[in-house]
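Below you will find one chain, with nothing else, as structure tokens; this is the form predicted on its own, and questions on how it binds or moves follow later.
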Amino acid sequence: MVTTPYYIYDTQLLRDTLESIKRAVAEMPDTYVHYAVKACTNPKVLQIIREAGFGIDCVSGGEIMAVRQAGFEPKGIMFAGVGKADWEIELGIDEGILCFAVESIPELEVINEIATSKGKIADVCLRINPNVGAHTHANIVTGLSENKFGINMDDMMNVISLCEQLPGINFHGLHFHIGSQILEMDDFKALCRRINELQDKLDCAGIHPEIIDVGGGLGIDYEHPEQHPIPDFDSYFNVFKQTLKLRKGQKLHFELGRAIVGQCGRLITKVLYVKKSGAKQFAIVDAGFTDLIRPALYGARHKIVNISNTGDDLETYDVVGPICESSDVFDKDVRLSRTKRGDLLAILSAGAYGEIMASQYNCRRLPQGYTTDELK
């Protein structure tokens, strides 16, 4: 029996999104797209992404185990993250993953120590902080010098030199990521120009990285999800095709998460009560920030619709959850078709950072996730 709140994933939209990406990169040789699995690890979603031939970007040992269980090959796994534990590094080496994205000299030394103890050599890309800003929420900007991520550009040459001295390390390339939910293509152009500058410096030193990994960050349309269910991948990839100056034989890697799964998921919740308080009208639902934390955490806004009543008899509601916190609000002053107890509301564009970030605060049960194939 399906009980609310639960997530539902539109498998046809997911497949259409994946095909749109494949078409957009069809004429970009040596280009590889990885799915940033932190966005959603629903097993059925992972299965569809694996069948489409995408690689994986992981940021924890648990994610490596999840994608291996889902059937992804180790040689398609990039392992990023600013704080990799020893057991996670060991797991990556034992599995034979494609590459570690290294974010500091101490991390590089630990990877070398562990790899050497196993008689192995670990392939690494150095995550360089390009000091490129992104027009997005401050909590999801990652490419500024003030952020915790990556190696300072001024230290790049010294760290590459250190890689060459460490017996358990093979310098494979450079890795970048400037943030998430980015809709301004100029931000990606700025990243490309910075990479071009760094590559010019490497050319002068006779250093030729095999991989240039530009991360991800492409956003989705939270305001009008039904009009724009698939992001503008053509414009996104064209930025890199036209602005990034790759060297002969270099492989270009992308790591998209939200752009792949964001629009295919929605959170379904039931109205428990409609409460009037002065001029306010509250639709109190059985989902809370334990099920979808983005509005409470970032002030993010998701479109909400009443799927039990699709009429034009609109009224204004604050849609709120049952958690004992004032921040447990999905949105305020939402125009919905007249809503009553027992109606089902759909919170759209919840495929990324929804189910995966759910918690059991207040001892609540975790929401289940289903695909449209399962609920036919």
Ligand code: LLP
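Nothing here was measured: the structure is a model prediction, and the numbers come from that model. The numbering used is simple: start at 1 and walk along the sequence shown.
Separately, the form predicted in complex with this ligand exists; it is not shown, and the next lines address it.
The candidate site formed by 36, 179 and 256 is fully in contact with this ligand in the model of the complex, as each residue has a non-hydrogen atom within 4.5 angstroms of it. Taking the partner from elsewhere, residue 150 is found to have every heavy atom lying beyond 4.5 Å of this ligand in the model of the complex.
At least one heavy atom of residue 298 is located within 4.5 Å of this ligand in the model of the complex.
When this ligand is considered in the model of the complex, residue 303 lies well away from it, no heavy atom lying within 4.5 Å.
Although the partner is absent from this view, residue 288 stays clear of this ligand in the model of the complex, with no non-hydrogen atom inside 4.5 angstroms. Interface residue among 194, 241, 294, 172, judged by heavy atoms within 4.5 Å of this ligand in the model of the complex: 294. None of 265, 92, 216, 130 but one reaches within 4.5 angstroms of this ligand in the model of the complex through a heavy atom, and that residue is 216. Look at 256-264, 223-231, 203-211, 155-163: in the model of the complex, residues with non-hydrogen atoms within 4.5 angstroms of this ligand sit in 256-264. Within 4.5 angstroms of this ligand in the model of the complex, the stretch 342-376 places a non-hydrogen atom from each of 353, 357, taken in sequence order.
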